[in-house]
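One chain comes next, on its own, written out as structure tokens in the form predicted on its own.
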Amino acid sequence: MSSFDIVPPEAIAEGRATDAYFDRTVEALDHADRNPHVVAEVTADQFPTGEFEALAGVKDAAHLLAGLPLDAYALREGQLFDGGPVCRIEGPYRDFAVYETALLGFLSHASAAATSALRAKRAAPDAQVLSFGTRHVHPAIGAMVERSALIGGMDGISNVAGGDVIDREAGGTMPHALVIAFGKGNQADAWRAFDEAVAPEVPRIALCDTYSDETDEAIRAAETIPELDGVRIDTTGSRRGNFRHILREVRWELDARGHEDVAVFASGGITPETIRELRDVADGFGVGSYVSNADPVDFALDIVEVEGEPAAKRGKLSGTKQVYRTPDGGHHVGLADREGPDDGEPLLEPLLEDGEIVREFEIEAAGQRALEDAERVGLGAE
């Protein structure tokens, strides 16, 4: 028995991370000597809804299906969608049936985190918005959360092991535990120890709400660390009161003492709504559970064509489809063998050809795509 309740990567790759009824399906098809060529599509909504979400998890999905005798198409990571397929698989059904569970899981959770990250970043495009949320989820998915946050346009991550997996540097400064370890009244000793110990490239951000008034601690931190880059205010909700007023006061008192270059960062229960409320009095935000605990997108995979003929369950649209982005920011769904909308940009592009991955997965490009597409369709405009 494993020490941790984690499904190992090799089990996912072998198709063991599946619902048992897919094993029964393969057994039945094998018994009947039947393996039809199908087209299957991953969708959340059949028709456009106007509620856009950002696609993520495509890299994992591609590697899951790599080596199988099939072709696959998908939107680009960071692309926004509000209906129609985000992924299409064409091939012998028996060869990929057991991978449906993992495929949907890869896309559903990552897309949810990326969408929440994008909404948070769009709430303050000019501020630094960081991902702080992996402490709220199983550590095995820390890398997925951090990668999705970056695809959603966030500026940085905090999870060290997650950063190792996606080849990105994790950032962070100090927790309350460091300040408490030095004892009440000795906050300056904690800030000074941090300044003297950590590498020069680590930003000097002092946590300033542990024992006394936030403004008082911010001023003391600025006087203790000569090259202080900023202060972080993470006041507990039960003691927060008017958080906006607290941040305004901190900013005012720092400026009054000549510390205009000291930035003010806010964290703790941050959402797009609180970011919009605080973005004129804070320089950056740490966003946690809003991103990491986002409800997974309710994707489903459905067969829409069998041996070249349209086929689908009740309530699903049969036939192979294409989706388009129109110049006005609309999302159009149509049959792939029909004419698309005027000036429509087809979004389902090759992902695998005969089992070989034919796409690059660049995080920065996906993040930029998400921000540009959000501007185009109006996500976060509120």
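Note that the structure is predicted; figures quoted are calculated from it, not measured. From 1 onward, residues are counted along the sequence shown.
The form predicted together with a small molecule exists for this protein as well; it is not shown, and the discussion that follows is about that form.
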Worksheet item: Using a 4.5 Å cut on heavy atoms, which of I270, A221, A72, V86 is close to the small molecule in the predicted complex?
Response: I270
Fill in: in the predicted complex, the residue from K184, H245, R239, H136 that sits within 4.5 Å of the small molecule by heavy atoms
H136
Worksheet item: Taking the partner as it appears in the predicted complex, which of 213-221, 127-135, 146-154, 295-303 has residues with heavy atoms within 4.5 Å of the small molecule?
Response: 127-135
Discussion item. Taking the small molecule as it sits in the predicted complex, is G91 near enough to touch it, meaning that at least one heavy atom pair lies within 4.5 angstroms?
Written reply: no
Worksheet entry | Exercise: S289 in contact with the small molecule in the predicted complex, heavy atom 4.5 Å | yes
Worksheet entry | in the predicted complex, P226 touching the small molecule (heavy atom, 4.5 Å) | no
Practice prompt. Indicate whether R232 is a 4.5 Å heavy atom neighbour of the small molecule in the predicted complex.
Written response: yes
